[in-house]
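Before any questions on how it binds or moves, here is one chain, the form predicted alone, in structure tokens.
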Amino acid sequence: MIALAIALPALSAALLLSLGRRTNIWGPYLSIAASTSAFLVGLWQFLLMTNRPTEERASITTIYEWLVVPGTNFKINFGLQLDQLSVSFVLLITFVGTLIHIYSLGYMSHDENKRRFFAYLNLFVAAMLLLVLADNYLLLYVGWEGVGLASYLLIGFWQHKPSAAVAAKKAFVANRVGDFGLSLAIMMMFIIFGSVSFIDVNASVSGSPSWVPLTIGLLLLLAACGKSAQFPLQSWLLDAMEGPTPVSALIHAATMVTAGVYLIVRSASIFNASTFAQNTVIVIGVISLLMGAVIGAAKDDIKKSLAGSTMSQIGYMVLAAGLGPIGYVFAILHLITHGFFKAVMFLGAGSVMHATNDNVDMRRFGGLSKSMIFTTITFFIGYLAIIGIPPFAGFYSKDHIIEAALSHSWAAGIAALFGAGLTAFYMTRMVVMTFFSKPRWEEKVHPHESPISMTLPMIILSIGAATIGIGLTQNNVFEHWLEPVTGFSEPHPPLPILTITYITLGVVALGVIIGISLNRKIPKVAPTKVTLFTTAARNDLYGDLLNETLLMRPGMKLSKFLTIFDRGVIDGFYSGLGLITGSISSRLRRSETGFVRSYALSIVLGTAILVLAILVVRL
């Protein structure tokens, strides 16, 4: 039954792509119906799961024998694993995905290729569902690559824009680096464990030498960094904002960028077996959450500021996942709440763009609260959720991560706490510059509220952002739900929980106050004199320069050297060999005169030489 959740959007995508422009009228509605049906299938499976005892909730459905190696016992099934972790992702992907499909009806209404856009959305949903439902790493890899393909197609959807085409290629290349790590990890599992299924790997890793979980864990982390835009593979995420805004909401806020977090949590047994791998995950999460927050605080482009925020929030999830059993549950909890409040803010940004002639510069906004009441309210709810104001969702998920981080070390906890203050600052800056400061738009701009197809999904998502946190944490229901899959250990921070909560809220309040005080008056142009730190932040902390210096230019020089080596040495050797052979042949063919007497003389001389050689040897 759960296979239908994958099959329906995949079939819809195939139909829309194969039937062409004739589906432009009804194609988007078919796409929405497929995504909605996938959600209903997931919801039905979730309800059935809740009615079963805890130990019987997980199940594996084998669709068919996928890969069989003759003469060995090795085989890989096309199998789907439905458990508490995977069904949580299924509900998030299909529910948020369906709302974004509906939003796209209004946002893409005037696009002549909207049928293709909706097909790509369905392709993405199907690939993401395959990724989280696979019962083995190789099948997960198929979904992983499918998600990467769909991301490439959607980021570069407006391919007539050079910036969009370049951004799509950049995302594709950066993700290939991470995917190389995942492919190597799968190969190691096959060689060492003789299997790539989750069950077999989990059972075998505990008895393996310490270097095995360390190496595989680091390779999986590399894969996660690529897909989840974490340091050092983060530079593609901000450029990916060149795609249509619903793409930013679906792929780069709610689902695709969380695939790396899913991979780490699904591979919990591997990371639990290597303290060094876990600590590396924590370090990457801390660096990413701080880098993303700094970048988000410096951007004037509303979508790129939100992209920096996404990098930062994913950093919180990666940090929590690196904490082991005390953090896995909180990583997924923040992933789910983030899917709601970040999606509503990305959709809100799209609504603002829709009302201001596709402008993304927050210095040209201001005062939009008067003409865009629904967008303002829903965006503001997302704002309260992400900065962690109770009772909104982020308060319950992010505070738990801060408590777990403090339980691990003061350094990780203080970094997470500082990140909360930065989050409050840059989000307050965004809200003030966009909705509550003096109007700064151009005369030709006439802000107006978006159609109901766009505002309705935003309203539903904002309700989720306001309530889902308390719903999932009431009586520790989410901890009990995920514990059979991820394990759970109660964190023991060095300070009382209530004290940590007050400190966190105090840091958040300080960030809000600074954000308001520094952004009451916004210039329409960037100041001519800025600090080196601000310049660095506006240039994405020189992530592109770092990649260019460490990877691209050395790669170009290596390629140039290999080209010269190939032409001068490899080709030279074989070309020289050919010339020598040709020269010898040209001389030998002169002996072929066609005269019988010449051949007879050659035979006589050859026989004489042979007889002489035999006599010499015998003597």
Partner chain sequence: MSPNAYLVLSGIIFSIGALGVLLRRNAIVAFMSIELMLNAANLAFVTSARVWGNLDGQAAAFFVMVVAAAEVVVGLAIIVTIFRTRNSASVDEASLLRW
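What you are looking at is a predicted structure, and each value in this text was computed from that prediction instead of being measured. Only the largest set of C-alpha atoms that superpose within 1.5 Å between the two forms is called the rigid core. Residue numbers count along the first chain shown, from 1.
What comes next is about the form predicted in complex with its partner chain, which does not appear here.
Only one segment in the set 554 to 562, 582 to 590, 39 to 47, 25 to 33 has residues whose heavy atoms sit within 4.5 Å of its partner chain in the model of the complex; it is 582 to 590. For Leu601, a non-hydrogen atom is located within 4.5 Å of its partner chain in the model of the complex, even though that partner is not displayed. In the model of the complex, Gly594 approaches its partner chain with a heavy atom inside 4.5 Å. After superposing the rigid core, the Cα of Gly594 is displaced by 2 Å or more between the shown form and the other one. After superposing the rigid core, the C-alpha of Ser18 moves by less than 2 Å between the shown form and the other one.
Once both forms are overlaid on the rigid core, the distance between the two CA positions of Ser585 between the shown form and the other one is 2 angstroms or more.
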